[in-house]
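The form predicted on its own is given below as one chain in structure tokens.
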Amino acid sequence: MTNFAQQVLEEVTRIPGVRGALLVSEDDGLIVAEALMEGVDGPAVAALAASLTGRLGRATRALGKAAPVLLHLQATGGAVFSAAGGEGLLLVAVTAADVNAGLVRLSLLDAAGRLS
């Protein structure tokens, strides 16, 4: 799976404006695989994505709804996207502010589906 996971991450990072992609354990936020540009703090991004995805999932289930399939956290300097990749994994992308968010969403959902 590592070669396949690395290939999927590299596909995501080819999108203009994507600064990195990670495959993260949803339970503990540990990095399983990564493809990051220099200067991106992978462990911090992984922990943030796992924590937010877990909290949002618990909140939506408490409301009787399904867990979200995709999380998009936008900030002034860029964004973090997180998609459920199956088997307790998250596919996470870190982007610049001017990225085509729709293209990133579609790519992550497609890649996450192939990881399942």
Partner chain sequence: MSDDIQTWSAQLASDPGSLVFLPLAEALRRRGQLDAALAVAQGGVSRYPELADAHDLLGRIRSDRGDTALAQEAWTNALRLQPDLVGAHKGLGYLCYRAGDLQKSLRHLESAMELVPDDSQAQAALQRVRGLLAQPLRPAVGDPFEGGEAGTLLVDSQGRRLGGVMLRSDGTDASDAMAAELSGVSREARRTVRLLGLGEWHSLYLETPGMNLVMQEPRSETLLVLARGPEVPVGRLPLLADRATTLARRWMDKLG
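What you are looking at is a predicted structure, and each value in this text was computed from that prediction instead of being measured. Residue numbers count along the first chain shown, from 1.
Beyond what is shown, the protein has a form predicted together with the partner chain; the following relates to that form.
Find out whether any non-hydrogen atom of Ala59 is located within 4.5 angstroms of the partner chain in the predicted complex, and reply yes or no.
Ala59: yes, in contact with the partner chain in the predicted complex.
Can you tell me whether Val45 touches the partner chain? I mean in the predicted complex, with a 4.5 angstroms heavy atom cut-off.
Taking the distances in the predicted complex, the answer for Val45 is yes, it comes within 4.5 Å of the partner chain.
Val32 within 4.5 Å of the partner chain in the predicted complex, heavy atoms
The answer is no: Val32 has no heavy atom within 4.5 Å of the partner chain.
Although the partner isn't part of this model, could you tell me whether Met37 comes within 4.5 Å of the partner chain in the predicted complex, counting any heavy atom of the residue?
No, Met37 stays farther than 4.5 Å from the partner chain in the predicted complex.
Using a 4.5 Å cut-off on heavy atoms, which residues of 47 to 72 contact the partner chain in the predicted complex?
If the 4.5 Å heavy-atom criterion is applied to the partner chain in the predicted complex, 47 to 72 yields Leu48, Ser51, Leu52, Arg55, Leu56, Arg58, Ala59, Thr60, Ala62, Leu63, Gly64, Lys65, Ala66, Ala67, Pro68, Val69, Leu70, Leu71, His72.
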